[in-house]
Each structure stands twice: as C-alpha cells, then as structure tokens.
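Below sits a lone chain in structure tokens, taken as the form predicted on its own.
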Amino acid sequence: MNKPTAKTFQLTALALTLLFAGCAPKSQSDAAPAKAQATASASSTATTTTSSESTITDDANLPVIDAVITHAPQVPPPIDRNHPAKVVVKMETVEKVMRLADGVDYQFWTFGGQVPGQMIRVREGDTIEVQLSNHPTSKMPHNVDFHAATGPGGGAEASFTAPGHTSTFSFKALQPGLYVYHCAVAPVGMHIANGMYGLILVEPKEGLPKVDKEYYVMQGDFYTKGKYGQQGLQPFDMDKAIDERPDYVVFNGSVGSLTGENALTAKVGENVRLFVGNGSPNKVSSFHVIGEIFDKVKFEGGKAVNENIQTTLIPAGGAAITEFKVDVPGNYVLVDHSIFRAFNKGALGILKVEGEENPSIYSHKQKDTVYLPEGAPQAIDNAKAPETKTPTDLKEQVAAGKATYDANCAACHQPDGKGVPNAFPPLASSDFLNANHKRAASIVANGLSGKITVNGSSYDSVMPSVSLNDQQIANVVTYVLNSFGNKGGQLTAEDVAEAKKTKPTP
C-alpha cells in the first residue's frame, strides 16, 4: 500500500473537520488544504510575507529569541524584558506508548513527548512564531489551536501538519492570561483525549508579582477499553469518550505523576503559584489543595482576581492561576474535589512542605481519648446477614461470606478489596491478611487500633469491632482469603471462637 501523501492527510482532515462542524465545504474545497500545504513547506521568511504590511514592519524591528519551554511540573522563568520580541516556539508532535498507571500503558499522542505538552511563557505584545513539526513515525496529521491566538481556529488551519513535515505560522499575543493549547485535527476529541494539550502563559507587560515557587499542573481524562487498573497496553475507547465515562482522571498525564519522588516541594513561609490547566475533552475540574486556602485565584486564567478560595472550578479547555503561602510543614494533597476522581481514578498529587512546626496555626492531634456516652454501643452494629446453617463446603461458605462482605465491609475496603489509599488498607493480595488468618478473624470480632503495614504502606486508623456471630466472621474471612488475588484458606466458627480470645495487636 502506498504511503498517504501530505495532501491526502490534509484533504481527509478537512473533510472530517467540516463534517464534525456540521457545514458544507465552500466551492473551492481544496483552497484551505493547499494553503496549509504551502505553509507546511514554507520557511519562516515566506510566512512573514503573507502577513499584513504593518505586521511585517513591526516584526522587522523586533529582536528574535527562542522560547524557553519546559515539561510539567516545571515552569519557564519569568520574563525579564520590558519590550516585545519575536519569540520562536519550536514544537514537535510525537505518538508514543507511555505509562498511564502501574502496569498500564497507553498510546499517547503528545506535544514534545510528554503529557501535558511543554509550557510556553511569553509577554503581552510579543509576536509568536510557531514551528510545528510532526515526527515522521506519526500515523496521524496533527496541528495546534492556541486559545491565546486571535485568528481562525487559533492557528489550527495554518499549522495542519502531516507526518514528516513542519508548519510555520505566527500570531500576536494581544491579551495577557493563562491559555490552553491543543490539537484540533478531526476527530478533535480523540486527539485531545489522547493527551494533546498544554499551557501558554502570556505575561502582562508589567509582569507577575514575584513568588518563591511556580509549578505547572494540568488535568486530563482518559478512556480505555479496560477498567481502571487493568494491566497491559490499553487502547482508546471512543464509546466511553462520547458517553463521558473516563476510566482515569489524572494530573500531568499519569496516575502518581505528582506523588512520591515526583511530589512538588516547598518550604514553610514560601509563596507558591500553581498554573493549573484542564486539558480534559469532557470534564470540569474542581481544583483543591487539601489543607490550604488559595490567597488569590485568577479564575479562568484571566485578569479578575478572587481571594480566600477553597476550591476553584476550571472548565474543560480552561485554566486558573492560584497563589498561596504555606505556613505549616506536611504533605498537602492536590485533588479534583469531584472526590471519587481523586481516590479512585488518579486525580491526586502531593505538595511536600518542609520546615518548622507552627502550633499556633496548626497543632496536630493533641489528645485521643475514648468517647462512650451513656447508652452508646460498644461496637458497630452493622447490618447482619440472616442466621443460616453451617455451610456444607467451601463454595457455599464463600457465597455466604460475600453477602456479609457486601453488607458490612465493602464501603471501606471497596467492592474490589483494594481499599482507599491513605485511609483503609487493601484486602486484595494482602501480605498482612495472608500471614495470619486467625488474626484477621480476631480483628473483625475485637477491632484494632494503631499502625499496621500492608503491602509496604502504613495505615494508622481504627478498625471497630463488627457485630457478627462466629459463623458469619468465619464466612467473611474465608470469602476474602479466596478472593481479590489472595492465597486461599478456610476458617470455621470454632476457629473464630478460639481466635476471639486473643486481642489482636498491630
């Protein structure tokens, strides 16, 4: 089969774009592709000659500089000049397989080989010359639509680029703000959903107030054939994307991209500025930092400032600038406060703050005493399964245990047994559980308070005793031992009665 030409890619994309826009092509249907092809093969000098006389005159007198662009979460340095310039921005689109979550890979379409694309920082009044190259290994044409550009498609038509080609066009940064850019080749949603988005900051002429730390964070959602966490290379699922049912909602392109060694950092007393974008093709972000209040928010990335904000809405294809001072050390959790996205789909990051404690602002826990007012129950009286006969075999016991688990345990430990990070330990593939089956039965019967380690992670919370009889406890522990990737096992009511005599210890 012959390799499609650049012209073929352009005609196909134009037809798809017109189809998705719901309009018919003009009589000279090949005019736009021809223009795009001419632009793709032209030099930056030839591009300038297509501009108006005033633009040519202005640009001819501007100093020419290469843009400093950075991968997330890093931010380009503040603008240190007091005059406009012609800023050359070199971008490359690359299609590559990368990590989406542990054990999960995805075929991303990218600007600059990462998701999100690199952050660009320019000054109000600058002329931006964009040189967009599409890597020869790409299977698709790509382009770029700058929300910061004033002109048809934000540059999408002018930057339409087939694999192995470079397109050049220019626009003037007329208005300051924080803007999204993204690919706009049809089907537009698919290109965005595969990771083709980033941020461009147009600094006001007077610049931004100085802060100690600046970070680039961008949310996106991904739609895969497999469910969240399903292992292997996961293809894009168009039906889920159309139905707006993402399997992953993440910061900076993958689950855990801002945790562990990749956590953001600051010191007590520093002022932090977050440039936050939402590249999502579908979902609005409710951006929040747990344990902090935004001193200032430039909502939607514009000029208006709101103060003392807990959570700020960022529309799909929008951005916000948040600023706050960190007063107390500790780990601050960045989340989309549509909270199941944070704890079940990946929209979670960490800002690690180091420094001296300040108990006048935050004391940490000072005392922990038992609270048992008169008449209060001594244990959780959860929903009980009806009394049943002793199971006759393992299969029957597992089925009975599942009913008990669904009624009493699934809310905390989750229906799949994976628990909730930093809150409820997993029962799935649990080294703690598999090490001592009778201890597990004692914990269900007697409760447990204190720090335990499960699969290498520490949990320090309270597991209250659950009001179940010995047979029900035997059933539910047996169900868990034979589910969620555990190693198997079986307890009887007699085993539980014996286990209850020993209080469990962490």
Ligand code: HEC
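Residues carry their position along the shown sequence, with the first being 1. Rigid core (definition): largest C-alpha set, two forms, superposition within 1.5 Å. This structure is a prediction, so every number in the text was calculated from the model and none was measured.
What comes next is about the form predicted in complex with this ligand, which does not appear here.
Taking a 4.5 Å heavy atom cutoff to this ligand in the predicted complex, the contact residue among P141, P426, G154, G318 is P426.
The partner is absent here; in the predicted complex, the one residue of R121, R341, H288, H413 having a heavy atom within 4.5 Å of this ligand is H413. With a 4.5 Å cutoff on heavy atoms, I452 counts as touching this ligand in the predicted complex. In the predicted complex, C409 approaches this ligand with a heavy atom inside 4.5 Å. In the predicted complex, L62 stays away from this ligand, with no heavy atom inside 4.5 Å.
Under a 4.5 angstroms non-hydrogen atom cutoff, this ligand in the predicted complex has F432 among its neighbouring residues. Core-aligned CA deviation for K267 between the shown form and the other one: less than 2 Å. The Cα shift for K402 between the shown form and the other one, taken after rigid core superposition, is 2 angstroms or larger. Here N446 counts as shifted, since its C-alpha moves by at least 2 Å between the shown form and the other one after the core is aligned.
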